[in-house]
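Just the one chain here, laid out as structure tokens, in the form predicted alone.
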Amino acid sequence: MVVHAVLLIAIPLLSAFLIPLIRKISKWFTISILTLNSIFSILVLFEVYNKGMIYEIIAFSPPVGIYLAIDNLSALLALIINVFGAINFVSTLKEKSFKFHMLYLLAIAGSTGIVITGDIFNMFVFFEITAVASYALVASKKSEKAVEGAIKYMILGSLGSTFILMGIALIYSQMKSLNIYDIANRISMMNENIKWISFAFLLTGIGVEAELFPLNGWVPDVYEGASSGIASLLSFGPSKAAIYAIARLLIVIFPSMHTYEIALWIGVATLLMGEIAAFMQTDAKRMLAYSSIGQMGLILIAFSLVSQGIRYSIPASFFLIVSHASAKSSLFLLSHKNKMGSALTKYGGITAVLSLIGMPPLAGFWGKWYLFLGAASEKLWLVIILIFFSGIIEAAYFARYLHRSIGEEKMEASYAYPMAVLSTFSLAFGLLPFIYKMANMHLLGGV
């Protein structure tokens, strides 16, 4: 069965605008659409696995037309966004507002669009769809902290969008194309100064959504103010789409040693800032928010090593993304209560924490293992020391978190089951290296 990848965007996008017409059944309609999209994302992943990179032309041929480009990693990210989105939605079932359901579908459609588009202007459009939906979803809790966080997110997000648009405008002025791969093939023709300015604009703009230092001032307030279900959505949706967009900038459009080196040290700064700030927090949600910042820095470090042709860099990026998406989404759902509660939620919480600190055989361990191997192969000893140092800090504050959280407290099934299932992905994907030889693993062959 051949599934057109465009359906991953079109179905939730069009469905979102149908919801006002079917308000009374909007919840069940949303569940159906998320389930359908999850199935399609699995089918798209298998097609990419079997046939290689997928290109879908919409309207006209490149470079004029809009088209989608789905590689191994973007297919996996599309699967994570849609499957996790369906599972996480269960935690929001008490939300009866049709507007909430509409915004949730828009956030999923926008995040998916960012990772599978092959057109930089459409990437900007999907960023805008995702951002606007995210602002409103954060504010939907209607508390003072939620509104404050949403306003900060909107202000910085709008500034980021402006930088993205300026970067795209500069590229188009030189290349007369918006097609990512067409631009990549002719990037050497671009004026060197304008090339660097456009890269700086795009990295700055997308860096806001990717939670990179020093553009992440909105993160702790947004995660603290948002409901647990929306904090979980932000942890596996928009942030992961944004970090992958930066990976495409580095690997496809601006592949030079200097851009990779800039990304490496931004990643290191983000990692250290996030982990140190997380250690200083007493509120669980703010601690998890700063920890997320640190993890995004770690993922960027992994992507920056692609410049060396290191065979472990893409597997490292993949496992770190899976670990962060599954573990953090689970822990944000758990933050709904002060204690872990039942055996099921204790399993989910402990599994998530162990994956994040890098305990085998969970996904987080493999991400850090392959990252260390890649950095060691290039003799980046300072980077290894800083990653190891941040890992010690991370283990310390998560040990404190577990000590405070272990205890009995009843948690609703709508939170308990999704968080246990989400954290299980860290365990399931952690078993992959025992099945495949990672250096030759076709599934993660590149981006």
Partner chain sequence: MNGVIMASYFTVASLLSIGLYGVMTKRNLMKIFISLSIMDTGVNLMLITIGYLPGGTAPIENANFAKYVDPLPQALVLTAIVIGVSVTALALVLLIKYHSKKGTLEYKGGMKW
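Nothing here was measured: the structure is a model prediction, and the numbers come from that model. Residue numbers count along the first chain shown, from 1.
Absent from the display: the form predicted in complex with the partner chain. The rest refers to it.
Peer 1: Can D71 be called a contact residue for the partner chain in the predicted bound form at 4.5 Å between heavy atoms?
Peer 2: Because no heavy atom of D71 falls inside 4.5 Å of the partner chain in the predicted bound form, the answer is no.
Peer 1: Though only this chain appears here, would S342 touch the partner chain in the predicted bound form if you measure heavy atom gaps against 4.5 Å?
Peer 2: No, S342 is distant from the partner.
Peer 1: Would F89 show up as a contact with the partner chain in the predicted bound form if we use heavy atoms at 4.5 Å?
Peer 2: Output for F89 is no: heavy atoms all beyond 4.5 Å of the partner chain.
Peer 1: Please determine whether M166 contacts the partner chain in the predicted bound form, using a 4.5 Å cut-off between heavy atoms.
Peer 2: Looking in the predicted bound form, residue contacts with the partner chain include M166, since a heavy atom lies within 4.5 Å.
Peer 1: Run the contact test on F124, V132 and K145 with a 4.5 Å heavy atom cut-off to the partner chain in the predicted bound form and return yes or no.
Peer 2: Yes, each of F124, V132 and K145 comes within 4.5 Å of the partner chain in the predicted bound form.
Peer 1: Please name which of the stretches 153 to 161, 80 to 88, 236 to 244, 325 to 333 has residues with heavy atoms lying within 4.5 Å of the partner chain in the predicted bound form.
Peer 2: That would be 153 to 161.
Peer 1: To verify the annotation, which of these, A284, V252, L93, A136, has a non-hydrogen atom within 4.5 Å of the partner chain in the predicted bound form?
Peer 2: Answer to the contact question: A136.
Peer 1: Let me know the one among V306, V268, A75, L170 whose heavy atoms come within 4.5 Å of the partner chain in the predicted bound form, would you?
Peer 2: Checked against the cut-off, the match is L170.
Peer 1: Pick out the residues of 201 to 233 whose heavy atoms come within 4.5 Å of the partner chain in the predicted bound form.
Peer 2: Heavy-atom contacts to the partner chain in the predicted bound form: D221, E224, G225.
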